[in-house]
Every structure is written in C-alpha cells, then in structure tokens.
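One chain comes next, on its own, written as structure tokens: the form predicted alone.
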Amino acid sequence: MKNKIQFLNLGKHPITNNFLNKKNPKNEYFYNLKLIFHKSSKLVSLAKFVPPKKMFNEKYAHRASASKTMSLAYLNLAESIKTRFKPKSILEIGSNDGVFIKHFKKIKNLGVEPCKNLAKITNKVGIKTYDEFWTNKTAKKIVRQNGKIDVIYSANTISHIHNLNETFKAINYTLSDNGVFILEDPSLVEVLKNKSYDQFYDEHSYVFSISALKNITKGTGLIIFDIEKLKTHGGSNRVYFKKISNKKIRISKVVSENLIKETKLGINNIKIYNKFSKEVRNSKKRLIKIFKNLKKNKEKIIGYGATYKSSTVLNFCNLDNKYIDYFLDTTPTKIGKFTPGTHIPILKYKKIPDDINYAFLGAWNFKDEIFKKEKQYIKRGGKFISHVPSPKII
C-alpha cells in the first residue's frame, strides 16, 4: 500500500444494481466503499474491487436507451464517427441495449456485453454480441472471427474493468493499423469540482483523469490524440486513442492543454483529494439536515430516479424509507422492487402526485431533461432536493 493513499471512506454499500424483491431481505451483500489515490499512476480507484459477476449478470437493470438525452447524444456521436473516421467495422465494449451500436447497421457492427439479458436484446435485432467480459481471450476470438476492427467505442464501461493493462492491450490488438479507440467516462476534474461523490460505487472501479489515462496506457501500444469535454453524466471526457505506430493521425494540442490544466488544478497531488474528502463529509451533514427539517414539518418526500448514483448518496447518508417514501422510475426492471441497502419502494412513473412538494433528484445529471418534463410540478410550487454541487432545495 506504499504507492496507494486512502483519502475517503464512504462506509458499507450494497450492489447498486441489486434491486430487491423484498423490503427486508436476508443476507444482502455489502462491501466497504473506500477510495484511494495511486501516487505513481495518478489513478483514483476503489480500495477493493467487487467481484464482476456480482455486478454484471442476467439481472442487470440499467437500460441506456431509457434517457432521451443519452439516446440523442449517441445518435449524434454515431453520425460524427461515420463522417470523421469512415469505418468499415465497429465494436462497442459494454453495448448495453444497443442504443449506440444500432446506428451502424450498414457496416459490420459488434457488441461485447457480459450481461446476458442485454446481449439477448442486441443479438435479437441482428447485432452480433459477445455475452462475455472484455479480456485478451475475447479480443482474440473477435479478431479470429471478424478480422481487425476500425473503431472501438466504450462509454462508461472501461472504468468498470479491473485489469486496465490487459484491457488496453486487448484493444490495441483488436484495432486495425489506422483504427481508433474512443473512451467515454466521467471526468475526475468534474467530480472534484461538483463534489459528486456519487460517481463512486461498485461498478466505477476508477474515475479517470487525463493524466492517469496517459500513464496507464504507457506500454499498451496506444496513445491519446484528441479529447472532447461533454456535459453528460455531470461532466465526462471523450478520449480518442490511436496506435503509437499510426503516423497519419496527428495529436491535437488539446491533449497537452488538458494535462497542463490538470497539473495546475493539483489533480496529481493528494492534497486535492483530502480537501474533497472534507467537502464530502460536510455535504453529508448538510443533506441530512435538509431531510430532517422537512420531516419535522411533516413533509412527504419522494425520490426521482432510482439511479445507481443515488445508491451511494442514500447509503452514505443513511437516507432510508424513514426519509423517502418511495422512488419514481421508468425502468421496467426496477419497478415494484426496493432500493438496495435502503429498501425504499420503487413505483412506476406517471407524474409526481399533487400531495408531493419535495423530490430528491436521484438522476441529478439529467436535471435539464427532468425540469422540462416536470414543468407542471414546478409551476405549482414543487421543489427538488439535490446534493450537487452542494445540498440545497431547488
């Protein structure tokens, strides 16, 4: 542990996608959610990883296509990739329900998705999907059966995979000589800025900085050549990689600009993480105070969006069914179940009932989409509770 420094302990947490059939189940699985900074690579990660099969299986609940915001973003990205790179083949690592990869029907489009229930969805519509984890073995199978791939894309998935060295080497092996890998994941800079500690949970083994990505891809045959800043998921990076041997693609100046900016912000120093830890503990106190004051006034509070992120907030702040009466959600696989750890009922979304004046924003990263959808609720005086960037009633 000499190279690793723990800076935040968020306590005991359940598997975020383990939505419960019973309110008080026996033997619910919990793990310790502690965060560490790796001094040499500058990575920020969980101190101890949760076994992948406990998280990614045939019961996986998240459906990427459920969000209009993300569906549109994936459509726009698909058109951009077609124009910019003109690929003859594309592979998505973590293809979920096909919301992105479905836009490439005119070329060879492949998916890798270890959650068998999701792989079935894409296989049924003709997208060849490998229902296994991304490993060297999987990469070799794909190349053997399909040849080298021109574009590999992965959104909010590489941060789930524990062995990063193997992951990037397998990507390099799978890419054609002039191929590109596009990684999209939450930005560590934005997490620190927003104090959005809920970006850390069992699936998010890592939250990446550009500095860390540069360090961990050394020796894998890949190099960053471009970066885009995104608003999705509370602030993300879209990072473009090429093979080091590829001299046709030039490295954009935004790469060095991002690295310099991160250094100036102190992203490579433990001091910024100790400060973040203090801010998170203060955030917890302030959020609990909001809930307690509302409950003293006999207010009924619901949750809006039983997201994976919200699980971190609820369990860290001990906000269970004494504080939140129920969650509203649109995902069929969550409806009629209970939130992991805190055991709050999840009901099918219709509209926010008239007797509700306060709703906790579980899906705060889709705030703009939600506010447009809930104009009537807001018009009649309904308010939302958010913890980002600091606890407040909106």
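Note that the structure is a prediction, hence the values are computed from the model and not measured. Position 1 is the first residue in the sequence shown; the rest follow in order.
Just so you know, the form predicted together with thymidine-5'-diphosphate (TYD) exists too; it's not on screen, but the next bit is about it.
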{"property": "Region of this chain that lies against thymidine-5'-diphosphate (TYD) in the model of the complex, out of 84-92, 221-229, 305-313, 282-290 [heavy atom, 4.5 Å]", "result": "305-313"}
{"property": "Contacting member of Ile15, Ile370, Ile385, Leu10, with respect to thymidine-5'-diphosphate (TYD) in the model of the complex [4.5 Å, heavy atom]", "result": "Ile370"}
{"property": "Candidate from Ala359, Leu33, Leu328, Val50 lying within 4.5 Å of thymidine-5'-diphosphate (TYD) in the model of the complex - any heavy atom", "result": "Leu328"}
{"property": "Contact at Ile5, His162 and Phe200 by thymidine-5'-diphosphate (TYD) in the model of the complex, all three, heavy atom at most 4.5 Å", "result": "no"}
{"property": "Partner contact for His62 in the model of the complex: thymidine-5'-diphosphate (TYD), 4.5 angstroms, heavy atom", "result": "yes"}
{"property": "Contact of Phe366 with thymidine-5'-diphosphate (TYD) in the model of the complex (heavy atom, 4.5 Å)", "result": "yes"}
{"property": "Contact of Lys334 with thymidine-5'-diphosphate (TYD) in the model of the complex (heavy atom, 4.5 Å)", "result": "yes"}
{"property": "thymidine-5'-diphosphate (TYD) contact in the model of the complex: Lys243, any heavy atom under 4.5 Å", "result": "no"}
